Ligand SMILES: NC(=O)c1ccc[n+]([C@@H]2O[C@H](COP(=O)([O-])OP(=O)(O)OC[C@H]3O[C@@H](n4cnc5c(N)ncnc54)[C@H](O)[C@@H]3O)[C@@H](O)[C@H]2O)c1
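The chain that follows stands alone, in the form predicted alone, written as structure tokens.
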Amino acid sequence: MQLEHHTALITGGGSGIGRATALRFAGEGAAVAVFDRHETAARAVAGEIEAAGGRAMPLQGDVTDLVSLEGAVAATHERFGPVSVLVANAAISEGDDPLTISEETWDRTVNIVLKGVFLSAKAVLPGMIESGRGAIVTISSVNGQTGIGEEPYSAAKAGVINLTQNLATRYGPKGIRANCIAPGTVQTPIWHERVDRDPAVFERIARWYPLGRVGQPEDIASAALFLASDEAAWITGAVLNVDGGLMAGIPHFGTELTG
């Protein structure tokens, strides 16, 4: 039980990567607070955990609202004890071309994706500092490492990487580790609308990945478990690509070069 005696707060925990991480953490002994803007989704995931014999509580809230997050941390502490693990996962992706997106779309995306990580960390850090221990796992993206469009999302995800590195160096002396996961394409509910329009989209995307497939939420949950656990006790400030080899190279480009 890698997370026995730990309490985890997972933002965006009601679906996709957040849901998979909540289930995995609970299976490894953690008490899990499932924080999501959709109360029904948070309750559903917490219910799955409890039905399997785990400990969980649903929390409805907004990662752009510090009061909401601080209330969630306080409620979690009261129910399960101090938060020792944060998985800052909540995100959206809206807009693409800077010439066509609105300022409102840019601000909304950056607020949720980047400011949401900042505020989530701000909410848990006082308790972690008091306890003398803590693990923060942020979810960035390969979009934050190279130019592949979705500019508001990608720029915010790049910011998540730098913010995580700063959290690691600033709070490492307080016993707190901060690491970042950069997933490639992951088959989550955010893709449902696209798949409805284009059922073969994942098959086309998969050819760019050296491992020949897109990711599943469980792939990211496994990485988050490692980084949150004592197995990663001397790892902080790291960016772990969980991307099927995408950022290692583009073999199809090489094929075109060599003919």
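Please read all numbers here as calculations on a predicted model, not as lab measurements. Note that residue numbering begins at 1 and tracks the sequence as displayed.
A second form of this protein, the form predicted together with the ligand, is not displayed here; the remarks below concern that form.
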| property | result |
| --- | --- |
| Partner-proximal stretch of 22-30, 46-54, 228-236, 59-67 relative to the ligand in the predicted complex, 4.5 angstroms, heavy atom | 59-67 |
| Candidate from 156, 83, 135, 90 lying within 4.5 Å of the ligand in the predicted complex - any heavy atom | 90 |
| Partner proximity in the predicted complex: residue 15 to the ligand, non-hydrogen atom cutoff 4.5 Å | yes |
| Non-hydrogen atom contact residue 165 with the ligand in the predicted complex at 4.5 angstroms | no |
| Partner contact for residue 211 in the predicted complex: the ligand, 4.5 angstroms, heavy atom | no |
| Distance check, residue 152 to the ligand in the predicted complex, heavy atom within 4.5 Å | no |
| Contacts with the ligand in the predicted complex, stretch 137-152 (heavy atom within 4.5 Å) | 139, 140, 141 |
